[in-house]
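Below, in structure tokens: the form predicted on its own, a single chain.
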Amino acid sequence: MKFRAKITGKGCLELFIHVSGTVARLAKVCVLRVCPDSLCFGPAGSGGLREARLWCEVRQGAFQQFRMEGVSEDLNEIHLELTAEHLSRAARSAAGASSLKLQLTHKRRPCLTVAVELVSSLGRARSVVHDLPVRVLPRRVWRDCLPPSLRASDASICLPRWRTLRSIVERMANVGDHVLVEANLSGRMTLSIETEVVSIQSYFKNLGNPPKSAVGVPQNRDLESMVQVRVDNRKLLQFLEGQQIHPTTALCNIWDNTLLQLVLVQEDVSLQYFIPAL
């Protein structure tokens, strides 16, 4: 098994720093899945969707160099389990760097080596090397690391402005533990929370729906009817506060009374966060 990648350019370096920071804020331990055309971050363990979980893909276009050889020609992947904060801390050291290199090494034990090339104000170059311990996962647990395969959602809608949404959810989190998220296929979305002493509702309209959101919807389906899911407010807020990328596309997908999925896309990065219904 071999893996080596290199990131250069301020924009790509900042993007990787933000991705690793997001993963670290949402998962203590993660699985780094090295594929021929991408790096994929996923949760450790086989908890399925019984708890909130994050999957993130960084495609090959974010790297100047990307080479890997998997377990075999037929199983051309590598699965590494590591502490997410270790990777985030190493990536943060690349702020202002000229390049960041990732390499699978063996230094008494398997490591993901992060080498950062820094240039001082006097033009002198120096390297900072982080050897992050990893556990190479056996093939029998690989399928536990894959994102879930789901049917088409019951509603898919574009999210409102991030700061606005985060502010509303933050205020609701101070009132109660559960938030009801509703949306339809006509661009309307509602967030609500209700306790014995107070009821709060926030309404959004004209948010827009992705073009494929109506695919597979029965012809007699009322596009104005709301689909709902009640989720843990703290998990939703954790994602809204923890994610650090600046998405060009931000979607909310709902499976009625079953699952909430938030999808963010920025250039060569896509991020999915699943929160199960209560």
Partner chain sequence: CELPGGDVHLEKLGEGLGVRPLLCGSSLSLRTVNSSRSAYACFLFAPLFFQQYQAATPGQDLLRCKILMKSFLSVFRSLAMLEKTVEKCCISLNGRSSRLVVQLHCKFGVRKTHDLSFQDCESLQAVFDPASCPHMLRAPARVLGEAVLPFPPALAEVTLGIGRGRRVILRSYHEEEADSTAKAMVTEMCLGEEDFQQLQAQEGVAITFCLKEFRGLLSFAESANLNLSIHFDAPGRPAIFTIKDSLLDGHFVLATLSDTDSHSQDLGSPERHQPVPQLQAHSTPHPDDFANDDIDSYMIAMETTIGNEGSRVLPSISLSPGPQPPKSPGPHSEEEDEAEPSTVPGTPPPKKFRSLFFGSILAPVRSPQGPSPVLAEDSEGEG
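Numbering follows the first chain given and starts at 1. Just so it is clear, the model here is predicted, and its values are computed rather than measured.
The form predicted in complex with its partner chain is left out here; the points below concern that form.
Contact with its partner chain in the model of the complex, defined as a heavy atom within 4.5 Å, holds for exactly one of His178, Arg166, Arg188, His130, namely His130. This chain is drawn without its partner chain; in the model of the complex, the residue among Ile193, Ala90, Leu80, Cys145 with a heavy atom within 4.5 Å of it is Ala90. At the 4.5 Å threshold, heavy atoms of Arg151 stay clear of its partner chain in the model of the complex, well away from it. When its partner chain is considered in the model of the complex, His86 lines it closely, a heavy atom lying within 4.5 Å. At the 4.5 Å threshold, heavy atoms of Arg171 stay clear of its partner chain in the model of the complex, well away from it. Using a 4.5 angstroms limit between non-hydrogen atoms, Arg139 is distant from its partner chain in the model of the complex. Partner contact region in the model of the complex: 106-114, out of 200-208, 153-161, 180-188, 106-114, criterion any non-hydrogen atom within 4.5 Å of its partner chain.
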